[in-house]
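A single chain comes next, written as structure tokens; it is the form predicted on its own.
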Amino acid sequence: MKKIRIGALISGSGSNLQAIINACEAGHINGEMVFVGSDNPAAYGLVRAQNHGIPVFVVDYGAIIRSHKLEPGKTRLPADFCLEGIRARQTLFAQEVDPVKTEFFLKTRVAAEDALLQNMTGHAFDLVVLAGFMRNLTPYFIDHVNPDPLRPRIMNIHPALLPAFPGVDGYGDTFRYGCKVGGCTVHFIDYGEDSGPIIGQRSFPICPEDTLENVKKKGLELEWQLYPECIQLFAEGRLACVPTEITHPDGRKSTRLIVKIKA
């Protein structure tokens, strides 16, 4: 079986990145890491990648956002950028949210995403994994990586049992809510925040004596197992996204992509 080519985007220490690299090198994932990109020049995950001879690059989101605040007219946007088209497709914000704030977000993110895509162009890849990448992706980036919506190629791991507790602090939200069970979720990316089709989940008990640090430790240990397993399912061609009609409690019907795992 041919190895899949995996690219990763990170923001921090890269512990999930390391788990994926280790799984590739051990043969648990039939794949190889072909690049690691980061929005953070100081991300330790870049060092992890370099230690394994993996090409790295940085797109400094913070610098792009600061520059746009100072001189918005000088922000470099791609020729195919269409603000209204992206605004209409995204589901990160309700359409009635302040249009000025939404425009600022989308323009700065697309400027950064265009730079990501330019850096990725030199590396043929089959799958992009978000391994602690702390930036929401816009439809601009997603559509460039996913030319076929039924064959998504961007995977993420989230520190909660989605759809509960989306956002940046899944374990913290789970702990503060008083949940008796925590967990993690691997899913494909869509236009919303942690709302894409679910691939796999793992759970763990939260005991009365547990602290938030205990909860995070339990969760991370499961993440390091679950993420490589889901990537291997992708490598084996066993993940199929199936449009499925859903009936809501109020009788409304909608269609959602559901991941089916083939035998």
Ligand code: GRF
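Computed from a predicted model, the values in this text were never measured in an experiment. All residue numbers are counted from 1 along the displayed sequence.
There is also a form predicted together with this ligand; it is not shown, and the following applies to it.
Residues 132, 158 and 223 are all found to lie within 4.5 Å of this ligand in the predicted bound form, as judged by heavy atom distances.
When contacts are judged by a 4.5 Å heavy atom cut-off, residue 171 counts as touching this ligand in the predicted bound form. Of the heavy atoms in residue 15, some are within 4.5 Å of this ligand in the predicted bound form. Only one listed stretch (67-75, 116-124, 89-97, 132-140) carries heavy atoms within 4.5 Å of this ligand in the predicted bound form, and that stretch is 132-140.
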